[in-house]
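Both blocks below hold the same protein chain, though in two forms, and each is given as structure tokens: structure 1 and structure 2.
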Structure 1
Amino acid sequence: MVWKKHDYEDIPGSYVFDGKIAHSAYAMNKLFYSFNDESCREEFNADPAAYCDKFGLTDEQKALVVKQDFLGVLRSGANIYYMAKFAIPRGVSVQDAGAAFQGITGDEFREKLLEKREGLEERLKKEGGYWNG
């Protein structure tokens, strides 16, 4: 039994959510998926560790979830969209989680993104045909 290697594993700084990751982190993503239901969110909040046991998380994943270590949770195979169901209600946006990978704050992360806007309108004018108000 062996996981086949993929070229996309060589894309730097990227984790492609494939069968290998989905398989190893299935229980944890299932736990996050349950948060679509408000009563599950409440049950988790009442006793996070017990809720992790109910879903059969590994000890390592359980520790990350209980600590609300969002970066650790992502590194151990949480899908970003499922992780969002855990993080967003706790005041941590997907951008904050992305920033944590680079060791910067969410505000610094958003600043860097805003740089993409500089010169954009001139650039599009040069391309031609783009709407600009």
Structure 2
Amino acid sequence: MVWKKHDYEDIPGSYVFDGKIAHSAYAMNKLFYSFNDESCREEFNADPAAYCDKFGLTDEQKALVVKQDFLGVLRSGANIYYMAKFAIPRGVSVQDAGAAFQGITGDEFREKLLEKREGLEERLKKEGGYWNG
């Protein structure tokens, strides 16, 4: 398949989930989706590498999944919602994953969230009930 280059591909620090990325990460996202079933989570936990092979992950994707490299998994095309199905059963909250994406601790990430909420009600009133930021 031929993909057209987009301007957003060169935004530093951005990992855009688009058709190109979704296509290349289909097997990995399908694996994460399988974690809806407890039996699949148990099978993965018993032998992560074999479970990755079952879904046809590339060697790079397999290494990221086995190492539980959440930022690497995101960069390689994981859908954030499916990745949560991978992270949460392993004791990593969405906030912890967000912290890992930014290279900070979970406590630092939670503090940033609390700082962002300061004045939120006033911003919502100013923006007519909607705030983008």
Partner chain sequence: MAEIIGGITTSHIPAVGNAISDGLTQEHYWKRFFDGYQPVHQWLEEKKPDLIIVVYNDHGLNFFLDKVPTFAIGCADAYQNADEGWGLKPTAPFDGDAEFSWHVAESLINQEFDMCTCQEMLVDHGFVNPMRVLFGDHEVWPIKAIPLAVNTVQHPLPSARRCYKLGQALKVAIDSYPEDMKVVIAGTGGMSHQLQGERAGMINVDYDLECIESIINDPDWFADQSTDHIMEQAGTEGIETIMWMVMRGALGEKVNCLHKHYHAPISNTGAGVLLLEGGA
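Here the rigid core means the biggest group of C-alpha atoms that line up within 1.5 Å when the two forms are laid on top of each other. All figures in this text were calculated on a predicted structure; none of them were measured in a lab. Residues are numbered by position in structure 1's sequence, first residue being 1.
Structure 2 is taken from the form predicted on its own, while structure 1 is not. Residue displacement note: residue 114 has its CA displaced by under 2 Å between structure 1 and structure 2 (rigid core superposed).
Here residue 123 counts as shifted, since its C-alpha moves by at least 2 Å between structure 1 and structure 2 after the core is aligned.
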